[in-house]
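The chain below stands alone, shown as C-alpha cells; this is the form predicted alone.
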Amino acid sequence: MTDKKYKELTMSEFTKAAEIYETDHAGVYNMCKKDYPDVLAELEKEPFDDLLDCGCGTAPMLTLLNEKYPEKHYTGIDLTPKMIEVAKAKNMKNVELVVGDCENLPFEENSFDVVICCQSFHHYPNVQDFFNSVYRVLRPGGRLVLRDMTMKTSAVRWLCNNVELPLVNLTGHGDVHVYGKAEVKALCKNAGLNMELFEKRDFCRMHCVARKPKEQSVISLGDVQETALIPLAIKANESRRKSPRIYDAKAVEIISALGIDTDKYDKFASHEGVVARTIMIDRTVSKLLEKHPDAIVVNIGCGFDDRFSRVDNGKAHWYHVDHADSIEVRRKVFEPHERQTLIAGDLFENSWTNGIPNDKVTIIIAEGLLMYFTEDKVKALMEHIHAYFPRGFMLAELMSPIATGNEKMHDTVKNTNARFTFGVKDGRELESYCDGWKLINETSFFAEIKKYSVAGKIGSLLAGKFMNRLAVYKFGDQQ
C-alpha cells in the first residue's frame, strides 16, 4: 500500500469518528482515554510552557491540560480536517489547532518544551520523518512523551504487523505498524533524541519518553569512576517508572542533561542490585541517624549519589569524597548546601580526611567501591579510617571472591574498563583488618530483590551466596 493510500484511509476513518470520538459510543477510541493519566503524570515531573499534541484528534488531551494548566500555551495538529473542526468548536483559550501532517510538522525550530503523541504514530507510513520533525521543533532539553500500542513479544508483534494489520486495512483503517522497544530506540537515535524510558504498561501499551539533548556533553572519567554512571543511569530509569521503588530526581536531571544513552549501564541484574542496595543502605543510614542525629556521614567514592535528599535528618553533616574528576562533575550538577561538603582526594593518600570532624559518631558509606581495590588497599583504607575516626559505623558493599577477575561477565561493568579485584566469602574477614571492629549485620541484596519478582526469588535460591551484600561494622565506643 502506498503512503498516500494509508493517509487516505486514516482521514476517512477519523472523519467518520470525529463526531463520536469523545462520547460513550466511541467504541475502540475509548481505549485512548487510558493514556491520559500516565501522560499527565509524566508532564507533572517537569515544568513546561509550550506543548504540542501530535495526532490530537478532537483535542480531549488538550482539553484536560488546558483545564489543569490554563496559563500554558497548547498546539494541536491532526491530519483529519473534521477532527480539527470539532476541536475548534470548543473555543479553548491558549489553544491553537492546525490541520497538518505530523511527518512534516509546520512549526519553527525550537518551538515546544514538550511534544505528546497518543495512539497516533502507528498510523504514520514515514515514521522516521515524524521523529526527525519532533527533534526539530523541540527546544534543547525538551521531551517527547509517546503512548501507543505494542505487543509483549516480537513474535506476536510480527503476527500483528503481517497478518492482522493488512486485514484491518481492508476494513478501512489506516494502521501501518506496531513498534517494539528496539525499533523506537533506533527511530529516536536516528533523529538525535535520547530514549530515556520505554515501558510496557497495562494491556499492549507502550509508554516512552525521549529527550532532545540540551547540549553535546562528553564526560571524561577514570576507569573506576566511569562505573558511577551505572547506578546513576539505573536510578534515573527506575525513577521514571510508573511505580518506582526508589526516586532520585537528581539522577533523572543529570542523565537528561548529559544526554547519555543508558542502555549499556542499565541491565536487569544490575538494575535490581542497585535498587536493592539503595533501599537497604538508605534504610540503614536512616536508622543510624535516628540513634545518632548529629552524626558525621562520610560517603567515600560518592560518585553522583544523592542519598542526602532521601534520608537526611536536618542535623547531620555530610562529606562526599571522590577523585577530582568525579567531584568536578558533581560540583556542576549538585547545588551547594551548608551541610554538604565535597572533597576531591585519593582515598590512599591520607590527607582526604583533613577537615572532616572526628569528634562525633561517624557513618562511613562505601557503596560499589571496595571490589575495585586490592586487599592491601582495602586494609590500608580501613586502617586510616580506624586511626582517624574514633567511633562510628561503616556500611560496606562486599562482593564474593568468585566474582573477582570476572568483570567481563558482569552485565554492565563489562562495558567499562574497571576490574573486580577484591572479594570475601564472609564479612567477618574484615574484622581482622582493624582491632575493635565488629560485624553487626551482613545481608545479601537478594533479601530485598526477592520481594519484587519471581526472578528475584529464584535467584535468591540459586545464587544467593554469590550476590553482593551489605555489611555493617561498628567500631569504637558509641556511647
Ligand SMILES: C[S@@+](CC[C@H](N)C(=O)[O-])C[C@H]1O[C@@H](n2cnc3c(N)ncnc32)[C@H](O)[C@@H]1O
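Predicted model only: the values in this text are computed from it and were never measured. A residue's number is simply how far along the shown sequence it sits, counting from 1.
One more form of this protein exists, namely the form predicted in complex with the ligand; it is left out here, but the text below deals with it.
Problem set entry | Check all three, F304, G368 and T416, heavy atom within 4.5 Å of the ligand in the model of the complex | Verified in the model of the complex; spot residues all out of contact, no.
Exercise. Could you tell me if E85 has a non-hydrogen atom within 4.5 Å of the ligand in the model of the complex?
Worked result: Although the ligand is absent here, E85 would stay clear of it in the model of the complex, with no heavy atoms inside 4.5 Å.
Problem set entry | Residue contact check: C118 to the ligand in the model of the complex, 4.5 Å heavy atom | Output for C118 is yes: heavy atoms within 4.5 Å of the ligand.
Exercise. According to a 4.5 angstroms non-hydrogen atom cut-off, is D78 in contact with the ligand in the model of the complex?
Worked result: Contact check for D78: yes, within 4.5 Å of the ligand in the model of the complex.
Exercise. Using 4.5 Å between non-hydrogen atoms, is D101 touching the ligand in the model of the complex?
Worked result: Answer yes; at least one heavy atom of D101 falls within 4.5 Å of the ligand in the model of the complex.
For this session: Using heavy atoms only and a 4.5 Å cut-off, determine which of L40, C32, L439, A447 is in contact with the ligand in the model of the complex.
Result: The residue in contact is C32.
Exercise. So which of F48, F422, Y36, Y69 gets a non-hydrogen atom within 4.5 Å of the ligand in the model of the complex?
Worked result: By the 4.5 Å heavy-atom cutoff, the listed residue in contact is Y36.
Problem set entry | Region of this chain that lies against the ligand in the model of the complex, out of 250-258, 333-341, 295-303, 101-109 [heavy atom, 4.5 Å] | Only one stretch qualifies here: 101-109.
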